[in-house]
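For this one, two forms of the same chain are given in structure tokens, first as structure 1 and then as structure 2.
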Structure 1
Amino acid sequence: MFFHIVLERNMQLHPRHFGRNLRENLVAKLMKDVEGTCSGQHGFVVAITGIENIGKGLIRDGTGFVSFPVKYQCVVFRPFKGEILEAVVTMVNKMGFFAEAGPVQIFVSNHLIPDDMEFQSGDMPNYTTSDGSVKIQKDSEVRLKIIGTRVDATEIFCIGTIKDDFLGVINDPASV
């Protein structure tokens, strides 16, 4: 789920960046440092949308760098356990399939795919129902439920299921 939140960060700036463009340099550095990163608490920071406040700078003892506390607004993507969302399938194999929802990768194990769907290998590996009416393959759009999340240093990884009611391949006649 995408959220619009306010985060705070202490930015260190070398005195070479001071002068008329101090604020621009600070904001540019903030964007470079923060956009695209990920934390367990807030999820992925997708984009910074505005600066709320830049506090007074404090000179650090010993280095001469100045530390500015910056409050900024940003769009974050944070997946939650129990959340239901739509994703695009990126890879299918006999263990299950991988799907992507924005910056997050989700794995759905074959144990959490309905029993009436079987893995078919080949050029385009897929999961298909016995009557061939429903197929999950690369680029298919599916609705899944997140049942677990794991955070490491640079990304969040999720496990999902499509075994519950109203989950699975999205058929959208309106898009035809």
Structure 2
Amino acid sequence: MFFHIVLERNMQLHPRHFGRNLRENLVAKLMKDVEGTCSGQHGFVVAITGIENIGKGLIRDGTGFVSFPVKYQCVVFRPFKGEILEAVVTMVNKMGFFAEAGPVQIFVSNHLIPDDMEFQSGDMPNYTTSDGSVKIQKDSEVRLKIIGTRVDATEIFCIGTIKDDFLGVINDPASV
């Protein structure tokens, strides 16, 4: 799920960046440092949408760097248990498959794949129905449901299932 939230961060800026472009340099450094990162508490920072406030700088003793408290608005992505996502399969093996939905990696165990699908090994491993009409392989697009999440300090891991109504393959690259 995507959220629009306000976060705060202390940004350290080298004295060579001072001058008329101080604000632009600070915003550019903030975007470079924050966008694309993950915090376990808030999720993946997708984009900074605005700067609310830049506080007064505090000179760091001995270094000359200045620390500015910056309050900014951003869009974050945080997956939740029970959420339905569309993902792209990145790897298939006999234990199940891995898929990616944006920055989050989701594992779907072979126990959470419908019973009528069997693993086929070979040069392109896949899960195929007995009649061959549906195939899950690398680069397939699947709709899945998140049944569990584990949050670390800098990463979020998910477990998913396609063993439910309206879940499964939505686009197979082999059929194109």
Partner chain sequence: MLRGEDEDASELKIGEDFLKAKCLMNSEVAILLEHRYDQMKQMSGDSTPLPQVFEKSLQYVKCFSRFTNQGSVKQVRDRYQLAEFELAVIGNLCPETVEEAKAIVPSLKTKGRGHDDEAVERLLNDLLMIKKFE
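We call the rigid core the largest set of C-alpha positions that still match within 1.5 Å between the two forms. All residue numbers here follow the sequence of structure 1, with the first residue given the number 1. As the structure is a prediction and not an experimental result, all values here were calculated from the model.
Visitor: Quick check: structure 1 or structure 2 for the form predicted in complex with the partner chain?
Guide: Between the two, the form predicted in complex with the partner chain is shown as structure 1, not structure 2.
Visitor: Among Val151, Gln41, Phe77, Met31, determine the one positioned at a hinge; one rigid segment of the chain turns relative to another between structure 1 and structure 2.
Guide: Looking at the options, the one at the hinge is Phe77.
Visitor: Treating the chain as two rigid parts, what angle does the smaller turn through between structure 1 and structure 2, in degrees?
Guide: Domain rotation angle comes out at 18 degrees.
Visitor: Rigid-core fit: what Cα movement does Leu13 have between structure 1 and structure 2, in Å to one decimal?
Guide: Its C-alpha moves by 3.0 Å once the cores are overlaid.
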